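Taking the form predicted alone, here's one chain by itself in structure tokens.
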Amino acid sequence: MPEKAKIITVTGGKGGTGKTLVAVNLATMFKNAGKRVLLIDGDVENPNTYLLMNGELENKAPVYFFKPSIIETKCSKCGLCSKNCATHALLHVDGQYPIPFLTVCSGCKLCYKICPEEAIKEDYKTIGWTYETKKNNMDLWIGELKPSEARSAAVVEALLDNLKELLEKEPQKYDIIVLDTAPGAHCDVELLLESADLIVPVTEPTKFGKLDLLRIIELIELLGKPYKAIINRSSLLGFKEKFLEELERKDIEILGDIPLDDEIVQSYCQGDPLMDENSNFNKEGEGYKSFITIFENLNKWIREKKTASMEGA
């Protein structure tokens, strides 16, 4: 029986650690190795994987979110909807029609379901979009939250619903699926972590980097997911060895580290992945060699997990 796609989630406890750089280049290396790759950008408030690949936003589809609409000709002003709204998104004053506050509505539809007069209409608003495109022989899915909206998790859910539907219809379409999360440890990040087989948190050798790495690892461990870290900008101010010692004391394994490297900066600015087989970057550079080491360690980790799974079956 063909193996199901391996899902690798790249994350980070804080912004600016280089998680998207890592996600793009890991996906690129899997593609170079002949794997069928899907890269999903779940950083919906700041999606930029396509920029790092000189791609375009294509095949735009809206993400809809429920909003209650009061039918005053049916409403008896009983206030049942307001009394049962957990987020207090419906204000009711005796003798008046309920007033929706959409900014705090969770979209649960409870008010719509329990209204005895059927006076709440099932209405929707667009809170964001999804995109599907191809670049560098990889499929790329992107989520984007509409400005002024706050329901980023709903856009991530739309991406994951699309993924679930695809894998049910075509379970062997991809060998590798790489998920790129937003920074932090909030609900939309949790959704992408929960979907992973393996998690790669990206950090940097600073006090902020360490604290935020520990925070995201705490969430990963609560979810019971395996993880190994990557240290980006590892040559920053000469803190690498001390940082590695601190991680070792906390039993945090790493896949490798990425030094400060001019060609990584150039690839980032030009939207040309450093590790693409068709790029003109120096294959003897420190940044390039560090990604090769990380990729070798990642594949070794995947093989070890596969072996352990087969032995435990």
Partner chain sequence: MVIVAVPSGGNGGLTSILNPRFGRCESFTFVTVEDGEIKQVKTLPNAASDAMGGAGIQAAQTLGNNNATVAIVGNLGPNAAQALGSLNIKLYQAPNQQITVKDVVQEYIDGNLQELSGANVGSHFGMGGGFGRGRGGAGGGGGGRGRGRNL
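These figures come from a predicted structure and were not determined experimentally. Residue numbers count along the first chain shown, from 1.
A second form of this protein, the form predicted together with the partner chain, is not displayed here; the remarks below concern that form.
- Look at 185-193, 205-213, 159-167, 67-75: in the predicted bound form, residues with non-hydrogen atoms within 4.5 angstroms of the partner chain sit in 185-193.
- Residue 286 falls outside the set of residues with a heavy atom inside 4.5 Å of the partner chain in the predicted bound form.
- For the chain shown alone, residue 228 is not a contact residue for the partner chain in the predicted bound form, no non-hydrogen atom being within 4.5 angstroms.
- Residue 152 belongs to the set of residues with a heavy atom inside 4.5 Å of the partner chain in the predicted bound form.
- At a distance threshold of 4.5 angstroms between non-hydrogen atoms, residue 114 is out of contact with the partner chain in the predicted bound form.
- Of the residues 263, 272, 45, 246, just one reaches the partner chain in the predicted bound form with a heavy atom at 4.5 Å or closer; this is 45.
- Interface residue among 172, 106, 126, 137 relative to the partner chain in the predicted bound form, by the heavy atom within 4.5 Å criterion: 106.
- Contacts between stretch 21-39 and the partner chain, counted in the predicted bound form as any heavy atom lying within 4.5 Å, involve no residue at all.
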